[in-house]
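There is one chain below, alone, in structure tokens, taken in the form predicted alone.
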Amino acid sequence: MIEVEGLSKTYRVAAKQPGLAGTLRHFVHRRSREVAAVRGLSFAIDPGEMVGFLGANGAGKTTTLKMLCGLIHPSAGLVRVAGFEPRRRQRAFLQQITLVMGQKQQLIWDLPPLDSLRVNAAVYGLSDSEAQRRIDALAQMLELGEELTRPVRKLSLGQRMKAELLAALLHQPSVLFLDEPTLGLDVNAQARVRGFLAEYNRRTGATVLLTSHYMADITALCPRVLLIHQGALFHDGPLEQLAARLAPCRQVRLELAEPPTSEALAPFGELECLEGRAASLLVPRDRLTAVVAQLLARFEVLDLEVSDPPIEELIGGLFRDQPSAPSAG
């Protein structure tokens, strides 16, 4: 459904020194430099897949989504979405996709969502009866009722986001590009939006590419993730493989009958913390089974838990530890 090969986007920006003197020099001798936002991305997404798209702020996620939608043109590479070349912006292509951005809105602020939905229905050539049928079905899935008849400015952020989703899905797109759809929502509203997206994917078989800084969105919805770092693809595969790649160790938390010493625990792994009878160790994955057996034989263990370090910390560590790539040009 989505094919990307060697996708790149480079922007030319002004290289101007600050202050009045810098402005005057730039006026006389203009200089610019090239900044690479996306560098040689290649991936493919099958029909019906829900794929997470991860990366730090400025990694190139939104730029990539805009190229997949045809809003901006790539500097190099090939893109096909639903069999179309996005940059051509053909009518048949636009009827197949939707883009939802958590920090943008399409609903008219002072009007009820229902009025904006009727405008959308007219744009997509839906009859009144068909539009109402789709509105009713989506509103039921999103748990929207009288909220559709109140001005958008009087809705809560969660209600407004659900109405935005309804507006974006009214034409029944087969490809959903979702850029931070739960941004700013409370925990309960995030869970409801996630539940809706999972149900929508199950019912319609739509292909979903989802960016989010909330890892709960990714872990709940996306069996596969793409991680980009400094505009280049760093990982394409299951989230568990990414965790294993970023963290060669697993976390072993223990509660013992008697407080241990750090010297007694040192042979079993890297000691993260020791507080009374509780301890946490980092153990290499290939030694995990043997180390757990040795701990059970050596100590009186009241509780033992093995887990991966939180994926948020692993990805955050990747972004902190790797130096920024120099700008092109």
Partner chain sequence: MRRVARALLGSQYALMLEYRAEIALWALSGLLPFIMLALWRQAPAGAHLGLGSGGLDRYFLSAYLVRQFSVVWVVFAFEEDALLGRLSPYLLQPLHPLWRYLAAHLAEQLTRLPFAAAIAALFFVLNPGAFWLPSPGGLFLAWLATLGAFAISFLLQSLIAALCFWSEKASALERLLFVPYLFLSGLLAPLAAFPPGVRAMAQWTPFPWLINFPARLLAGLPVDAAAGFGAQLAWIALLLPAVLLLWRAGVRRYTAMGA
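Superpose the two forms; the largest set of C-alphas matching within 1.5 Å is the rigid core. All values reported here derive from a predicted model rather than from experimental measurement. Numbering follows the first chain given and starts at 1.
Omitted here: the form predicted together with its partner chain. The next part is about that form.
*Closest heavy atom of Leu126 to its partner chain in the predicted bound form, within 4.5 Å or not?*
Close contact exists here: in the predicted bound form, Leu126 approaches its partner chain to within 4.5 Å, heavy atoms only.
*Determine whether any heavy atom of Ala59 comes within 4.5 Å of a heavy atom of its partner chain in the predicted bound form, and answer yes or no.*
No.
*asked:* Against its partner chain in the predicted bound form, would Lys66 count as a contact residue? Criterion: heavy atoms within 4.5 Å.
replied: Lys66: yes, in contact with its partner chain in the predicted bound form.
*Indicate whether its partner chain has at least one heavy atom within 4.5 Å of a heavy atom of Ile135 in the predicted bound form.*
No, Ile135 sits far enough from its partner chain in the predicted bound form that none of its heavy atoms falls within 4.5 Å.
_Segment assignment from 197-205, 210-218, 224-232, 99-107: heavy atom within 4.5 Å of its partner chain in the predicted bound form_ = One stretch meets the cut-off, namely 99-107.
*Considering its partner chain in the predicted bound form, which of Gln95, Gln159, Ser75, Gln251 comes within 4.5 Å of it through any heavy atom?*
After the contact test, the surviving option is Gln95.
*asked:* Just to confirm, with a 4.5 Å cut-off on non-hydrogen atoms, which of Arg150, Arg245, Arg80, Arg118 contacts its partner chain in the predicted bound form?
replied: Contact with its partner chain in the predicted bound form is made by Arg118 alone.
*Taking its partner chain in the predicted bound form, which residues of 1-32 have any heavy atom within 4.5 Å of it?*
Heavy-atom contacts within 4.5 Å come from Tyr11 alone.
*Is_shifted Arg30 between the shown form and the other one (CA, 2 Å cut-off, rigid core)*: The answer is yes; the displacement is at least 2 Å.
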